[in-house]
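As a starting point, one isolated chain is supplied in structure tokens, in the form predicted on its own.
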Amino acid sequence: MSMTRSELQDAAAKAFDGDLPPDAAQSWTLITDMGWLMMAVPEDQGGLGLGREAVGVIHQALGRTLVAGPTIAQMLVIEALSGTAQDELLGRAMAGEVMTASLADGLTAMPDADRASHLLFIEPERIALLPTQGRGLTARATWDKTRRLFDVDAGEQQGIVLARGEAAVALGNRLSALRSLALAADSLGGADAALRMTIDYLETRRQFGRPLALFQALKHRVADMKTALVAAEALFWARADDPDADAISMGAMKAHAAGVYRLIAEEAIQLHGGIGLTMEHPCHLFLKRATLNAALGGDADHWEEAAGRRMLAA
């Protein structure tokens, strides 16, 4: 199957266009019905074979409308099952049976683990798919209410081993890169939505008899936000199109995207004035998601140190 990025973006934009955030259950049904979970799976395994660029488009759309649910984690599980002999489990995951994975490390920060039949456990030299039943779950309280995260007790680690040794190391790096790609896309989608919402407000709100958008100081701030976003998007698509982009380069890119997201979300609150300071305003939903994205998958300190150490070693 072949689709251009613009075609995917148009389809994704039409899928979610309503309240922020949309209903989680309805969103999950729509995501599975549209085949988004199988975007990157090779065609010979029942997927669409569209690669990482399609994954980026999907998660930008989900971030733009603050869609809740375990989509990032589900795609990590699907990536881990791709290329294995677990065709039956892969088919169930692509069809929407919830299977989750950590958005941090180990068995922590697992989205919707209370709904998941299986969870992905990534160790340095062993990656396995474990049944969730019988394991203790602890809900993790977060500022961002658009995601439901759980910590899971390891318990008896009986499950299906997907990779060992060097194969597990390679798969782990690939999964880390994919997680960073998805979180970066979510961040850029949210940043774009927050910026658009701010521009709309400035064009509508009037002060001293004219729209706020005509005040030069505010125009400069919006221009700075737009410049930061466009630069981050350019870096994102360069990484998404690069087959040699590894976990460290993807992680550094994700840290940058999340930083831009938080910057724009903070500016959006200020530029909305008094109404932006109310907790009920959508601006706060974007800021909270930006803050969580910055922490998930390794924060900026982690990835900048990793990138710096590699450069020094070279």
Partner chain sequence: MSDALDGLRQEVREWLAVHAPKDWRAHSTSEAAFLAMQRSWFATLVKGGYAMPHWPEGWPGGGRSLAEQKVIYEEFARADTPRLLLSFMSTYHAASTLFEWGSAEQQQRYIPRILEGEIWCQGFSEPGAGSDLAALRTRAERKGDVYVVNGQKLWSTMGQFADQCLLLVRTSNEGVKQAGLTYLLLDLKAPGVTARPIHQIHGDEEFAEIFLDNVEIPVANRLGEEGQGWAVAQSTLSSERGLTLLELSARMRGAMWRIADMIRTQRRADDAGILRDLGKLASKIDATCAVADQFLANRIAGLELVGDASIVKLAYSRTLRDFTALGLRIGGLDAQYHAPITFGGGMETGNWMADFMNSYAWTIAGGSDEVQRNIIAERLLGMPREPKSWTVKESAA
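All of these numbers come straight from a predicted model, not from anything done at the bench. Positions refer to the first chain, counted from 1.
Below, we refer to the form predicted together with the partner chain, which is not included among the displayed structures.
Please identify, from 183 to 191, 117 to 125, 142 to 150, 161 to 169, the stretch that has a heavy atom within 4.5 Å of the partner chain in the predicted complex.
Going through the listed ranges, the match is 142 to 150.
If we define contact as a non-hydrogen atom of the residue within 4.5 angstroms of the partner, is T291 a contact of the partner chain in the predicted complex?
Residue-level check for T291: yes, a contact with the partner chain.
Does the 4.5 Å heavy atom contact test between E266 and the partner chain in the predicted complex come out positive?
Looking in the predicted complex, residue contacts with the partner chain include E266, since a heavy atom lies within 4.5 Å.
Can G273 be called a contact residue for the partner chain in the predicted complex at 4.5 Å between heavy atoms?
Heavy-atom contact with the partner chain at 4.5 Å: present for G273.
A295: touches the partner chain in the predicted complex, heavy atom cutoff 4.5 angstroms
Yes - in the predicted complex, heavy atoms of A295 and the partner chain come within 4.5 Å of each other.
Looking at I199, L178, L89, L130, which has any heavy atom no more than 4.5 Å from the partner chain in the predicted complex?
Partner contact (heavy atom, 4.5 Å) among the options: I199.
Tell me, which of A223, A154, A95, A85 has a heavy atom within 4.5 angstroms of the partner chain in the predicted complex?
Only one listed residue qualifies here, and that residue is A223.
Taking the partner chain in the predicted complex, which residues along 227 to 248 bring a heavy atom to within 4.5 Å of it?
Contacting residues: T227, V230, A231, A234, L235, A238, R239.
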